[in-house]
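Here you get one chain, nothing else, as structure tokens; it is the form predicted on its own.
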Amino acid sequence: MSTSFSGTLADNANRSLKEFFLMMQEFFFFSIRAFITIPKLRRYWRDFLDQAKIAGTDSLPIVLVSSISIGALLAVEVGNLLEDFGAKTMLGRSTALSIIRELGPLLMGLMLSARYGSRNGAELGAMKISEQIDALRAFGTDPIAKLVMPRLTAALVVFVPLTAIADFSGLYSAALIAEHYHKIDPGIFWNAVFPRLVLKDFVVGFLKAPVFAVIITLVSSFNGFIATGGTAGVGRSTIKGIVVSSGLLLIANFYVSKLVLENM
């Protein structure tokens, strides 16, 4: 009986591993097709503008709320810690590095993974279940060029300015907390920020924006394209897209920081 159980367990593990690698293969070819259809952007210009509005303008409130909140919280906590060492004047430098290098782009990515990624997964999953994607193929339209490529290019374009907005709003909220909570002169705060920022600090933060755009768009869209099982399947694929893309964002965040900081 134990031998039979071990055999069943091994078969299940083997089948799961095979399904995983097959899915990775499908995702690889899906991603390649999304990139090679970018030259067709002029044909789908209106779709691009619609997606840019969704990913950019419509996502601005949640990006502002998250960045302002984390900037204020960071200023309170770091300021209290620096006060114990008599180094409150370094609050501007500490918060600037944290926000520009890490927290600004990472929070922007996670918020857009939840908002933009979930929209992509749900919308494309519903189209897959209702056979609208098959209808596009029947009419001779490449569904990846029509549905995925505009989302990818729009994210690549708007994620960089969204990162800049997240950085600025986080820093400004930290400056207000430094002035009114820690009683630090604004001039002292900003003088600790700008003279000490170097090119490497901006490269680390802004290089993450296109990386996050690719991860969020392709993962969420792919999960929408493979949705099965009716409306429940759409929900499962949407949640899976959010979870996987958020996990990949955290991994990519670490490796981008490591590679840039070690090589610049």
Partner chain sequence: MIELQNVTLRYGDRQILDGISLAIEDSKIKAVLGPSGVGKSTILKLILGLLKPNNGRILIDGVDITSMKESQLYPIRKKMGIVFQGNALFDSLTISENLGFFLRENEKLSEDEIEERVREQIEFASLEGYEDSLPEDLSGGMKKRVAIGRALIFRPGMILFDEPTAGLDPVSSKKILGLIGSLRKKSGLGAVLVTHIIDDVFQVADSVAVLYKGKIIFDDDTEKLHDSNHPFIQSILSDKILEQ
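Residue numbers count along the first chain shown, from 1. In this text, all values refer to a predicted model and were calculated from it rather than measured experimentally.
Below, we refer to the form predicted together with the partner chain, which is not included among the displayed structures.
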Full three-residue contact with the partner chain in the predicted bound form, heavy atom 4.5 Å, for Arg42, Arg236 and Val244:
no
One stretch from 67-75, 148-156, 124-132, 102-110 that, in the predicted bound form, holds residues within 4.5 Å of the partner chain by heavy atom:
124-132
The partner chain in the predicted bound form has a heavy atom of only one listed residue within 4.5 Å, and of Ala164, Met90, Leu136, Leu97 that residue is Leu136
Within 4.5 Å, heavy atoms only, which of Ser118, Asn191, Asn80, Thr141 is in contact with the partner chain in the predicted bound form?
Thr141
